[in-house]
Structures are given as C-alpha cells and as structure tokens.
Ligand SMILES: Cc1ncc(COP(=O)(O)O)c(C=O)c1O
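As structure tokens, one chain now follows by itself in the form predicted on its own.
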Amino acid sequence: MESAKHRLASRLEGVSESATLKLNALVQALKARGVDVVNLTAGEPDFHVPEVANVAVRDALDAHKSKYTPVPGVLELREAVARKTNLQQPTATASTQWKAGDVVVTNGGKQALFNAFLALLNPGDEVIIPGPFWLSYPEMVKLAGGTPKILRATFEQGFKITPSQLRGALTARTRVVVLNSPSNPTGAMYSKAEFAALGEVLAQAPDVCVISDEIYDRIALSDVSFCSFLEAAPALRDRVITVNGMSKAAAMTGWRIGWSVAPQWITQAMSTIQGQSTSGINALAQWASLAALKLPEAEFAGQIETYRRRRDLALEILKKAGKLKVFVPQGAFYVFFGVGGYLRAGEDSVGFAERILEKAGVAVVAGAPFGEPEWLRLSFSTDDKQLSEGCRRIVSFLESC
C-alpha cells in the first residue's frame, strides 16, 4: 500500500521546474568547481541598487519601521504605484484614476501574476498566452487549475500576435489573455496602435480579463516607445490587471517587490489570497522601493544607454554566424536567436544549449520552455567583456558545427 507521504497533490501533474532557475543554479555550481563558464542566462540587471533605496532602509531601521505591514502594502508605496500607473495610462479620467486601494504589493511580479490566476480561474478555464512566452505563465495557470492555450507568434511577424489570431483563439472557455511588452524572451514590444487593435477584439469578449505584464517597462531600446496596455485600450479598465515591479527597472531583484493594479472586484480577491498566503511584504524593501519610485526617469537614462550598447555589441558578433536567425529586441535585455540551421537530427534547443555549455563554456537558455524549440535566449544584462566573450564563443562553436 502506498504511503500517504509519497502522494503529492494532482495539481502538480504536468508542472515543470523553472528552466532558467535550474540552469542558473547549474552554472553557479560549475563556477564553484572552477569551470570556465560565461553565464548569459540570468534575467537580472548587473547595476547597483539606487543609493536612495539603501538610505531608505537605514532610515526605516532607525525609525523602527520594520514591523508587519498591511497585506496589500504600506499606504505610501501603494499611492506611489498608483501615481506611476496613472502616468502610464493617461487616458483615464479623474474619476477612473487608480488609487492606493487598487494596488496590492507582492513578493515580486511573480506573486502578482499568481494571485491574479488564483483569483480568476476555475478548473477548465482557458488562458490565452502568446508565444514565445515567459516560461512561468503556463505553469502558474496549471497550478491555478486553468488550461494554458498557446497562441504562437512567429519570427516573421515580429513575435507579436495579430488581432485576427486573437479573435480566432477566443472561445466560450476563455477567461484570461496574458500580454507581455516588452517581452521575455524576445524583447518584442507592442505599439499603441497594435495594443489598441487587440483591445478592439477583446471589447467584443466581455467575460475575458487581461493580465498585462509590464515588468520591463523602463527598458525600451528602440524608436518604439513603451505603451501600457490600458493606455491603448482604456475601455477595458474594469477587467485589466497591470503587473509591474522593481526588479528589472531599478535592478532590485533580491528585494522582491512587485505589484498589481486592478479594479476593486479583482484587487479585493487578490488581497484575500495574499492575506492567507504570504500576508504583507518585507517592510524594509517597501520603504526602499518607495524611495526608488520617487527618482526621475533621467536617473536611469545611463542604464538604458548601456543596455542599448550591449544589445548592439551582441548583435554585431552573433550576426557573423551565417545560418543564425537573430531577432533584434526593441526592449528588455535579451537576444532571442534561432539555431534551426545548426541542430542535429532529432535535437531541440535544450540539447543544443547543453552542447554549447559543454563545448564552448557558455550558458544560454533553451527556447523550448518558452515555446520555441529551435531558439535560444541570452541575456545582455552583464558587462561588455563577459558578453562579447560569450557571443564570440557561441559563434566559434556554431562555425564548428
């Protein structure tokens, strides 16, 4: 008879471990053993945390502001998040502007997404996820009891879904559509016109909610300006959840501060879920985030220029490999590149990434968990020396294939 301690919940069936976290842990273990590895996997900025955040922590400690916080976050931070979101969604009227009560501060953007899926999904509900996609979206949907429905966008269409694709994918079972711009893993960005066109389709599906993941909002690298989904589709305000956080835009990854901004009927549900799971978020990290949110955009201009230079450096080297398909990212800090011309028979990007790590000493992330089995992702959120060395090793490896 099987012991109860060996039986796990059925909700874990088909749920995969995070490929990026697993690979990054492997790379760290190899480096600890002295193996020469260039790590281009992590989606983590290499910039220092803004000094005002460090000062805010010290001030909070001196003021003994380190006790439990309200479940949705300290009021001052929620007010700051609401102001930021209103600035990015300027079509809202005074009566529909977001307020502190519409914000839930979470353990990173990841918890905000998970809260939303738990609040909205019943068993069998479908969630449309444009692909390539951040690999955790489908797994979160499964854990919440929903069914992920991947809507693939190709390289030729700029890795962005079209209104006709979305219209054709909607069914009576569709409950949520996930949008992510700038995108992880591709760096693709939707323009205001493109988001507006998708919004017109969704306006005809009144039971469908939208989760707009805008965690890379500040990292726009081309002439396409960042557009928050609700700026382009304000009529959908009562069923859109905007997710963001401090990890990417302010390099505050380890502080684990994210948030959701949503209408009250959703916010109340997500706050209830959080109250019975993690409760209020780390107090000191919240005060640090408040200080960082007050910084003017000009404070981060140097970081954006650095990302742009690194992107161009990586593209210049990678394009020397003749059979490589390279997508030029408009935002975020990833280069997504296709290696279909180099794969062995029966091989996908997982096996190919393993070969690059073994033979070239470069760690990149396989595209298969992102929905593209012939593509790889590298991060250029590292210094120029490591980035150029890693890209040169990749090109040298490809030339030997």
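Quantities reported herein were computed from a predicted structural model and do not represent experimental measurements. When you see a residue number, it is the position in the sequence shown, counting from 1.
Absent from the display: the form predicted in complex with the named molecule. The rest refers to it.
Student: Is R256 close enough to the named molecule in the predicted complex to count, meaning some heavy atom within 4.5 Å?
Tutor: Contact check for R256: yes, within 4.5 Å of the named molecule in the predicted complex.
Student: When the contact criterion is heavy atoms within 4.5 Å, does P148 count as touching the named molecule in the predicted complex?
Tutor: Close contact is absent here: in the predicted complex, P148 is far from the named molecule, nothing within 4.5 Å, heavy atoms only.
Student: With a 4.5 Å heavy atom cut-off, would you call K84 a contact of the named molecule in the predicted complex?
Tutor: Taking the distances in the predicted complex, the answer for K84 is no, it never comes within 4.5 Å of the named molecule.
Student: Check whether R310 has any heavy atom within 4.5 Å of a heavy atom of the named molecule in the predicted complex, and answer yes or no.
Tutor: R310: no, not in contact with the named molecule in the predicted complex.
Student: Have a look at M189, A233, L113, I281 for me and say which one sits with a heavy atom within 4.5 Å of the named molecule in the predicted complex.
Tutor: None of the other options qualify; the answer is L113.
Student: Name the residue from W134, F117, F159, W287 that puts a heavy atom within 4.5 Å of the named molecule in the predicted complex.
Tutor: So the residue touching the named molecule in the predicted complex, by this definition, is W134.
Student: Spot the stretch among 191 to 199, 164 to 172, 298 to 306, 241 to 249 with residues whose non-hydrogen atoms come within 4.5 Å of the named molecule in the predicted complex.
Tutor: It is the stretch 241 to 249.
Student: On the criterion of a non-hydrogen atom at 4.5 angstroms or closer, are G361, S379 and T382 all touching the named molecule in the predicted complex?
Tutor: Contact check failed for every one of G361, S379 and T382.
Student: For a quick check, can you give me the residues of 199 to 221 that have a heavy atom within 4.5 Å of the named molecule in the predicted complex?
Tutor: Going through 199 to 221 in order - heavy atoms within 4.5 Å of the named molecule in the predicted complex - the hits are D213, I215, Y216.
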